[in-house]
Ligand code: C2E
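Below you will find one chain, with nothing else, as structure tokens; this is the form predicted on its own, and questions on how it binds or moves follow later.
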Amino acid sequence: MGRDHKEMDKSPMMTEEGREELYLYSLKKMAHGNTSDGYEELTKLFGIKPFFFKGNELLRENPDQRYAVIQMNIYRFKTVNEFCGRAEGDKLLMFIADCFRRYESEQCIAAHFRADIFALCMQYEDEKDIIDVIDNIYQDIVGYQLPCRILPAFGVCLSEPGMDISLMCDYASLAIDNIKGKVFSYYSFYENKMRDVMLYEKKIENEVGDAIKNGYIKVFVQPKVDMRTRKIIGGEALVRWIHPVDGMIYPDVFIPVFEKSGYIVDVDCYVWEQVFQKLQSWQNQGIDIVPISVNVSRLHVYQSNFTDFMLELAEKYTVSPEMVPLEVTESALVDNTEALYQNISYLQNQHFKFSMDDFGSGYSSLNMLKDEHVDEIKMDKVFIDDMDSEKSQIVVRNMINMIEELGINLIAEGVETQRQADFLIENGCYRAQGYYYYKPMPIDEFGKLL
């Protein structure tokens, strides 16, 4: 309806190219419908639909040429608008558009997809051509005068036979994720392993719900000991994933994925409840229980019911809050100082203990000790690993003295040799956690030790 007979005859559905022509025809129609002339209103560059159409045209009409998609966005661009105002943000986008526009030619297309996302599809001879273009654009953008710092990140995907321009953009975006926000890396080339990582992360995300429901997520405990007597004085709750097909999946693999996706909140809550439940069970059996600390993710800062949930668990299982110390990494404290300290202080008033994990790992350790109440310090493993160094010994010796003077309990993480244990004992540190004494074990095995 509304199309004459001649136009129908020209439809790609009637051509020999079939599906490919229909696809390109559809893209062309979308490109024309994107805006009245195919350009973004603010920057006057192609939008995403015409860019896909024009890019696929280039790849199809020049099969012997090498092409690359360069995609760029700004790290935390929203803060530019918030800090400098929307008008300044728009000026920055128009400036960036001019930087990309310089490279437009018959063999290079520039586009502005949305917000701070820009792209080039360019013909190149070798990778140096691409890097030169990225360097020039990067230098211009970081030199743009604004009160806040601008950090552009570039992802590159090189064309391969049969590759679609939209897929190249997806892969370039994956390459950006690899370096976005890093000060010393501002471009990355897509590699197949990035896709493998993305698919594996997605697999983990998709399976976490069933893993919790079916009991594949297991709570392990690593004992804490008094090195003088080797008596168990506590433990730390850890998490392991026993996959029915893949076997043991360790935390360094799945925890970053959980933190990125937000599932860490669900997993933490599951672990906390398991710990309270076991402590109650052991109490009822007449076992002398010891504190088992649990880890608190930085994401719990944003959970309005975090403190209520902890108190409800203590009441539900009739376990004293002192038996479940809260371990928070030093980096989490720095990232979310005010909000997290408010939650921790409130729980301390309800008799929970607060343990600072990874102390000395490179943040504002001393400042936090000065300003906030900490019940326990866990000395980072890096100090123990380098115990043969005289300088490390001086640092550890003085750290032990300082923490003792502050009246804070100290525990050394990662003790793996008798020599390390002897040095710590000689210098007044008596509590430790490490493979020299015990490896992490299923929580029921820990109960048998008690």
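Start at 1 with the first residue shown and count on from there. Being a predicted model, the structure only gives us computed values, none of them experimental.
What comes next is about the form predicted in complex with this ligand, which does not appear here.
By the heavy atom within 4.5 Å rule, which residue out of 160, 288, 106, 252 makes contact with this ligand in the predicted complex? Contact check passes for 252.
Partner-contacting position among 313, 324, 74, 239 - heavy atom within 4.5 Å of this ligand in the predicted complex: Contact with this ligand in the predicted complex is made by 239 alone.
In the predicted complex, which of the stretches 96-104, 167-175, 262-270, 193-201 has residues with heavy atoms within 4.5 Å of this ligand? Among the candidates, contact is made by 262-270.
Does residue 222 make contact with this ligand in the predicted complex, using a 4.5 Å heavy atom cut-off? Yes, residue 222 is a contact residue.
Decide whether residue 40 counts as a contact residue for this ligand in the predicted complex under a heavy atom distance cut-off of 4.5 Å. Output for residue 40 is no: heavy atoms all beyond 4.5 Å of this ligand.
Taking the shortest heavy atom distance, is residue 297 within 4.5 Å of this ligand in the predicted complex? Contact check for residue 297: yes, within 4.5 Å of this ligand in the predicted complex.
Please tell me whether any heavy atom belonging to residue 414 falls inside 4.5 Å of a heavy atom of this ligand, as the geometry stands in the predicted complex. Residue 414: yes, in contact with this ligand in the predicted complex.
Judged by heavy atom distances of 4.5 Å or less, which residues of 378-412 approach this ligand in the predicted complex? If the 4.5 Å heavy-atom criterion is applied to this ligand in the predicted complex, 378-412 yields only 381.
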